[in-house]
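This document starts with one chain, in the form predicted on its own, laid out as structure tokens.
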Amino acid sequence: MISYSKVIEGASFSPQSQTEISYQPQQLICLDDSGYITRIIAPTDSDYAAVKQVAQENDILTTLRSNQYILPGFIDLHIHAPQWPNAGLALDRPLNEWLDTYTFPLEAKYQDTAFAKLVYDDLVKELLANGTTTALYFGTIHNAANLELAKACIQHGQRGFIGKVAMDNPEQTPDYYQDASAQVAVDQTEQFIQQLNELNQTTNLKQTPVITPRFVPSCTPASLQGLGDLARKYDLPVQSHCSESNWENGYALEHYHMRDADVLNQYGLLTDKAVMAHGTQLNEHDYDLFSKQGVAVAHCPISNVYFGNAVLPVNRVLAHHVKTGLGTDISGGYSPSLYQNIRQAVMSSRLLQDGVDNQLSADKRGVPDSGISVKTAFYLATLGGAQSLHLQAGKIAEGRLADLQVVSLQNNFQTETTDNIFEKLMYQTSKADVDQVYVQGERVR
């Protein structure tokens, strides 16, 4: 009999497509020593009882309660790690004012690595507690602090994609918090790549460096070009903001006489490993460009309410075959929970479909066919994010990474249909209901 490192017995929900989920009421999920799901055994399989017995005898069996369910771990496609202390602050301010008054002063504090260690240790634990097994992080301009973020991910067992933020445009960044020049921005990015690769030699859970121009306004053409060159040289992921707001979108049009997606593409930053956050102002031309280049969109529904100046039309983005996942956008988004963002994604889509101006007649008020189901939002938080990062994760299937969460359903007073159970889990799960979390087969909480 094949030996396994862990066996989990219980019910599971997993995305099958953008609109469908699968439910297994009982199964054995068998993990190998490398942290992958090597086999899923149904009760009807002839060796179910034998595998379960051997797992019990070797003390590697975890059997879930009747109200517990296994889900794929969530993938946060856009989060500003240094902004965690500001979560929930000043969300009523315009984006450029929010950056200048609250965000940049906070991020400048990460020159102090002790402060960075304190914040990042807390943030990584908080995300794992909410079922987030992988996170795509913006760091700061400080490499020592960015390495503290990587160390926190390694210590607590989270898969991190981490970027040294590049921002060298003196007209759009404060003198106390900017790269001294385009060359410094590029050189420091390359140094961080090398430092993180060195740190990875000490762990099985590899952290991935990410090329990270903050956004078009904060970078000069020289730094954008240099970062595009690095992305190609090292074949690394890229992250930035794109068409995030009226202000950002207008900046590119005024200064480059082209859309910010075209600016980023011009410098080699729109690749099939690129994840662009927000995208509320993207148009048909941009969708086609993203689809052609293989670029992913990080949908940040809570943050977009405050800073996006529009609702991302998720169905339209998906119809253009653009990879799409979900992000919290701490601290533009106030919550570290992707459950909260799943809910907001559905709510925002309904507002887009129905419209919000009651002075317009119903037939003119909304955008038809814009509503998404909670199953689609779940897909964004799992398989959509995995595809965006080229990860073999995001669903419960043989050959996939064992990035899993076990959650409890508390509101359990009557016999429910499968869909009812799933919807309750999506709408009612809080941090307190996330009982177990596994990353690459290791239980991390």
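Sequential numbering from 1, following the sequence displayed. Since the structure is predicted, the reported quantities are computational estimates derived from the model, not experimental observations.
The discussion below concerns the form predicted in complex with guanine (GUN), not included here.
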Open item on the list: I'd like to know if L95 sits close to guanine (GUN) in the model of the complex, meaning any non-hydrogen atom pair within 4.5 angstroms.
Closed with: yes
TODO: Using a 4.5 Å heavy atom cut-off, state whether T133 contacts guanine (GUN) in the model of the complex.
DONE: no
Open item on the list: Even though the partner isn't displayed, in the model of the complex is V119 close enough to guanine (GUN), meaning a heavy atom within 4.5 Å?
Closed with: no
Open item on the list: in the model of the complex, is there a heavy atom of guanine (GUN) that lies within 4.5 Å of any heavy atom of H142, even though the partner is absent here?
Closed with: no
TODO: Have a look at K323, R159, R214, K164 for me and say which one sits with a heavy atom within 4.5 Å of guanine (GUN) in the model of the complex.
DONE: R214
Open item on the list: Can you work out which of F192, F307, Y110, F290 has a heavy atom no more than 4.5 Å from guanine (GUN) in the model of the complex?
Closed with: F307
TODO: Would you point out which of 260-268, 299-307, 353-361, 338-346 contains residues with a non-hydrogen atom within 4.5 Å of guanine (GUN) in the model of the complex?
DONE: 299-307
Task: 4.5 Å heavy atom contact with guanine (GUN) in the model of the complex for all of N283, D286 and L318 - done: no
Task: Residues in 83-105 with any heavy atom within 4.5 Å of guanine (GUN) in the model of the complex - done: Q83, L95, W98, L99, T103
